[in-house]
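Below you will find one chain, with nothing else, as C-alpha cells; this is the form predicted alone, and questions on how it binds or moves follow later.
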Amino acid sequence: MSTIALSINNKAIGPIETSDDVMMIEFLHEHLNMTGTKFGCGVGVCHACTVIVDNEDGTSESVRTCINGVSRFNGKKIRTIEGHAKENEFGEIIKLSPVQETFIENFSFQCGWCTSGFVNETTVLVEKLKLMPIRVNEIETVIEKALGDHVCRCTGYVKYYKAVKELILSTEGLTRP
C-alpha cells in the first residue's frame, strides 16, 4: 500500500491510501469517477489513456495511464480531458480549449475513443511549440512525431492531422520564418 497525493485539473486529491498495483487509469475511473480518459489496449500501445503531467520546471509531458501505476503520479500535477474546457461557477462548460475546438471543426473523431489521448498529446505539442516555434515546412514532420504513436480504431488520422496543422498555422507564435 502507498499513500499518494496529487493534483488533477487543479484540484487537490488525497492523501489517499491505495494498492501499489493500481494503474492510474483504474484510479481515475474507479476512485475518482473520471472516465474521460479511455482505456484502450492496456499495454501502452494505443495511447488512448494519455494524460498530461505538468512538471515543476514549467514543461509538460504526456504519460500513458494504463501502464503506469498511480504511485508514479504521487506529488504530480495532472491534466485530464475533463480539465481542458472552461467551466462557469455551476460546473457548466462555457468554452472548449483551442485543441478541442479545432478537432470539432474538422470532424476529427468518429467513435471518440482515442480523442482524449489526441487532445492531451496535441495540447502538449502546442505548449512545446509556444516555447520552441518551428518552421512552417517542418509542421507535418512535427505532427507525425507527436501523434504518430496514437491509434485511432476508426482510422481517422487524416482529420486529426489536418486539424492540428490548421491549429498550428492559425496560432500566433507556433511557427517561425
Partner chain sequence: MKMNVNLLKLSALFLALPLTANATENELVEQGKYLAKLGDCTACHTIDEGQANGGGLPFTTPFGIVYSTNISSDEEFGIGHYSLEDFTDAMRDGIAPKGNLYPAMPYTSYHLLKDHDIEALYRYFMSTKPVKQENRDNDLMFPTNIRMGLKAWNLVNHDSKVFEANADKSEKWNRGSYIVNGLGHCGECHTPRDVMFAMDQSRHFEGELIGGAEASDITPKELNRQGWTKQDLDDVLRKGYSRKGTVFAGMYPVVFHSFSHLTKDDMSAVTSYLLDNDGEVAAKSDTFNGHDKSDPGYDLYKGYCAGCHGINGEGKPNVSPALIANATIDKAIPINTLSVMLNGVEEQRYSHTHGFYAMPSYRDTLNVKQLTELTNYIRKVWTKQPSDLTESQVQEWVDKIEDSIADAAH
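Positions refer to the first chain, counted from 1. Computed from a prediction, not measured in an experiment: that's the story for all the values here.
Keep in mind that the form predicted together with its partner chain is missing from the display, and what follows is about it.
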Its partner chain: the contacting residue among G148, P133, G42, G112 in the model of the complex [heavy atom, 4.5 Å]: G42
Thinking of K95, V99 and N106 as one candidate spot, does its partner chain come within 4.5 Å of a heavy atom in every one of them in the model of the complex? no
Is E61 close to its partner chain in the model of the complex, meaning a heavy atom pair under 4.5 Å apart or at it? yes
Please check if D20 has a heavy atom lying within 4.5 Å of any heavy atom of its partner chain in the model of the complex. yes
Evaluate K76 for contact with its partner chain in the model of the complex, applying a 4.5 angstroms cut-off between non-hydrogen atoms, and reply yes or no. yes
Is T80 near its partner chain? Define near as a heavy atom within 4.5 Å, in the model of the complex. no
Candidate stretches 137-145, 65-73, 29-37, 112-120, one within 4.5 Å of its partner chain in the model of the complex by heavy atom: 65-73
Need the contact residues for 1-15: heavy atom within 4.5 Å of its partner chain in the model of the complex, sequence order, or none if there are none. S2
